[in-house]
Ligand SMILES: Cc1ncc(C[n+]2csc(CCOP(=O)(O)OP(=O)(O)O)c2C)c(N)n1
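Quick setup: one chain, the form predicted on its own, written in structure tokens, and binding and motion questions come after.
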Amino acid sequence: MIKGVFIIKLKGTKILMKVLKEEGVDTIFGFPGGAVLDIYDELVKTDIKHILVRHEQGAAHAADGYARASGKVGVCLVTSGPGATNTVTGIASAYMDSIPLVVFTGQVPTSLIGNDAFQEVDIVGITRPCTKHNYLVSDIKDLARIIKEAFYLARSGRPGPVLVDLPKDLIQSSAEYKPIKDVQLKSYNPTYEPSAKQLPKVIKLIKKSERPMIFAGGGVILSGASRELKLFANKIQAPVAASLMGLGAFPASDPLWLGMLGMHGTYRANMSSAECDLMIGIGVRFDDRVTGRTDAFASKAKIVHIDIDPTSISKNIRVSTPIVGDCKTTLKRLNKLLGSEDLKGLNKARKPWLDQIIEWRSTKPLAYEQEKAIKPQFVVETLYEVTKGEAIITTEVGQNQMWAAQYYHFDKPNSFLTSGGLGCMGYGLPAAIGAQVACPDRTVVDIAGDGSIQMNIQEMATAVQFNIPVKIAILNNGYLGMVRQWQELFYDKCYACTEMDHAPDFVKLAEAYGAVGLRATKPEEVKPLIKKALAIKKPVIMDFHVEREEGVYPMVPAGAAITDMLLV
């Protein structure tokens, strides 16, 4: 006993479970193996739920989906060697999208590290470029501290994945344990409070601006700043566009909503970025899929960039006014400053600008023509109508992802889960499982392509085993659709290796897994099928046979300016 604190000696596996409970972990997605058998033996003695995936990539994506839907840190547990390497794609996807994960990997005993032992890999070295931080635990005395640090790093500042590598002999050994209340890292101090000197500069720019716009990204959602963003936009009467990761940060039903900005963004959002005289970027990276040709992006505008990560500011686009700080905290400060300003004249000053946006919206809307064959846009719009916009939507990657972003209108944050930065096919199904576990009372739908769904289709077994009633809407066009679209436009319709020959019968495949399979081949079958699927309290695959060569438009060709859109 030291100063009134009782210190007990515990095995490493028990220390791990204690700290997980202290961190509020209620679910782990994982797959057992030799190096982590001791952990699993202890895990089943706790009330922490374990979801057994069928592939470790699925564990990482499911933890990612859980984190995005819940706002908590997602956790996965895998064995050494191939178990660890199979998580790398999921870790990289979470890293690029700033998603808080803690990934526990087993490792061979410390005496065998470096000896090419069975199922040994240097997972710390492999994941160093795609984790926020990682650890190889080398002393049992450090275990509790390292786990606490891992969760702190994952959720604080700009969130991200942290990996903890656990040698088998270490977790079998014992050490004295006492709870760690506070984590302090001398070299890591995220800036949450914005500079008081910079905020008045933003107010001054807002008051001078005639054509302002706000560009919201995933950082708004991660910081829980959606309410503050809506108040800010309405105060200054500035229209709002979002990146793919920022969908849901601002209500799509609000009159100030412009839609998604970028390669497949709306005409009004892309044109607004070119014609605005002030762009306020909040929690965005200004990545290449948004900016197009950088020298032509927002060329008439002063640019304010608010982000908690100082390395993101002026990384891709030079900005006029940088503000390092948490999005929510910064918006609260700006709203407070705006509250003391006379903004009555702004509505009148902004009218010509807002009228121009209304004209763009009416003359160049997102559009398609529903004919004899089912159009994929029609499926997404019908899904939106039936769910009343209340579902959590996950996606795979490709055309399905873009149609979901364009035609399912998100009013709430944490409702659109997609692999944005990495563009990882196979993300949607395991992410939907994670989201459904996090939000059991919500409808969760994975909008997928017939190519991408097969990347992690084995997770249907996970959904069935744990009775996780996710719904999968496959936009089945018999192609790797987005690649085919590029080949159509830029490779003289040479569809090299993009036709999905010998695709499975998805209805029979669903039934083989013990799920429900439904199919629609005509437009009039779409709405009844969706209603039927949503009423079933089991995993369901909906197989929609859609127009084979339908494209995603608008589209900005690679290397073009964001205003150089192909509209048909």
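Note that the coordinates shown come from a computational prediction; the quantities given were computed from them, not determined experimentally. Counting begins at 1, following the sequence as shown.
From this point on, the text means the form predicted together with the ligand, which you will not see here.
Residues within 4.5 angstroms of the ligand in the predicted bound form, judged by any non-hydrogen atom, belong to 394 to 402 and to none of the other stretches in 144 to 152, 394 to 402, 114 to 122, 90 to 98. The shortest heavy atom separation between N414 and the ligand in the predicted bound form exceeds 4.5 Å.
The ligand in the predicted bound form is not approached by E381, whose heavy atoms all lie more than 4.5 angstroms from it. Contact annotation: N477 falls within 4.5 Å of the ligand in the predicted bound form, judged by heavy atom distances. With a 4.5 Å cutoff on heavy atoms, G449 counts as touching the ligand in the predicted bound form.
For the candidate set G423, P82, G224, P190, a heavy atom within 4.5 Å of the ligand in the predicted bound form is found for exactly one residue, namely G423.
A single residue from the set V304, M455, V437, I313 has any heavy atom within 4.5 angstroms of the ligand in the predicted bound form; that residue is M455.
In the predicted bound form, the residues of 479 to 502 lying within 4.5 Å of the ligand by at least one heavy atom are, in order, Y479, L480, G481, M482, V483.
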